[in-house]
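Presented below, as structure tokens, is a lone chain in the form predicted alone.
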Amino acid sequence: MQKFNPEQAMCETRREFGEHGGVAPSISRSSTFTVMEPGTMPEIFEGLRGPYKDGCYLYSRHFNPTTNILARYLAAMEGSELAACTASGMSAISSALLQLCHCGDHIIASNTIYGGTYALLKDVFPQMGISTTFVDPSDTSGFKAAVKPETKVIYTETFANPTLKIADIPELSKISKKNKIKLVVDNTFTPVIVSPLKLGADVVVYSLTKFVNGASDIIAGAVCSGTDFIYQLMNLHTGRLMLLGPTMDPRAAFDIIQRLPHLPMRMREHSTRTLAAAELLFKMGIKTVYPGLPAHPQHKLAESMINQGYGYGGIMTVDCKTKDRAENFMSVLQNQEQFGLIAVSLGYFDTLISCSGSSTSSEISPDKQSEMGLSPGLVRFSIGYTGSLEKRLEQIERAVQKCLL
């Protein structure tokens, strides 16, 4: 079977031009939209009319022409029927899960996920009567064993944050379909590299803030899925995106639209440089985790799931063993070597480094961090593409010699 090509799909989707023939689409900042006949408005509220049916718009919390262009481009990239844009990655995750789950329902989730998502599932959802069982994402049998009659969702990240364990999406899809539950995958780390819907996922969520946008200047998210589920999310009476209100600003949508065409090129360069850095560190005897290294225990699985030509992503980790050693290493990298920035988030054009256990995974208790394989000295690198690769590798090597050898 021929692999899905997200770059080709993005290229072939219908191009949107500006109102007066501009090569860039127009920004529609209207909060509300007029109708030509009074009878049209009740039909929009009843779901008989809408932007995807006959071009009718109602209110920008529902649908907006500019955010719809971005949604259509994202759907092409992901190979989904439709997509919906949101104000953040967390709003995409929470709204999608709340649309699928109700009081009394159960979720099976990877135990190695972004700390905010972990807190949502562990601390907030139980207040709504929704329970979660956390399992090792690299152990597919754990998901199978955790299925209950009330299970509605399997939730995982493609490459886990921050341990980079890999979820076997085709196998998880078989489990979900056999038990008539939905597989929701966060693909924030690997846009265009992995296409979860083509591997059997039902819903894909993104923090567009990261690699998709690529400039660390916009907070945004997205949900990609089939037409029915996106319409459920935007339903005027029960849609979680419609009624909870995490609306993307059309100006933010416009900026992301302008950056989306060069996402494949950016991901190639992120991957190329991250592999080079990981190979250097591995040769120096430093405990380094990167799916592109043959030494990664799930390298073959990663190889089987990726779309060829984009590499294995821009995220790698280095285990410095202790928090103090990690902080010293990061300080030397940033303040002496001028390599990278000590900051959370990822996907920026410059390298971002953080000690995950005390930052983006700090919502997870130390014992649970240990259980998921997260060392207190784990440094997560989101490798950028500024400067020459040769110079960057020299900076890393000097910092390692000063701090870790």
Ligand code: PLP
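So that there is no doubt, residue numbering starts at 1 and follows the sequence shown. Keep in mind that this is a model prediction, so the values were computed, not measured.
This next part talks about the form predicted together with the ligand, which is not shown.
- Of the residues Ala75, Val289, Met90, Ala277, just one reaches the ligand in the predicted bound form with a heavy atom at 4.5 Å or closer; this is Met90.
- This chain lacks the partner; the member of Leu263, Leu82, Ile219, Ile175 within 4.5 angstroms of the ligand in the predicted bound form by a non-hydrogen atom is Ile219.
- Although the partner is absent here, Arg273 lies well away from the ligand in the predicted bound form, with no heavy atom inside 4.5 Å.
- In the predicted bound form, Leu378 stays away from the ligand, with no heavy atom inside 4.5 Å.
- Remark: Thr209 counts among the residues lining the ligand in the predicted bound form, judged by a heavy atom distance of 4.5 Å or less.
- Tyr312 falls outside the set of residues with a heavy atom inside 4.5 Å of the ligand in the predicted bound form.
- Within 4.5 Å of the ligand in the predicted bound form, a heavy atom is found for every one of Tyr114, Thr188 and Leu346.
- Residues placing heavy atoms within 4.5 Å of the ligand in the predicted bound form fall in a single listed stretch, namely 90-98, out of 304-312, 318-326, 240-248, 90-98.
- Annotation for 125-154: no interface residues with the ligand in the predicted bound form [heavy atom within 4.5 Å].
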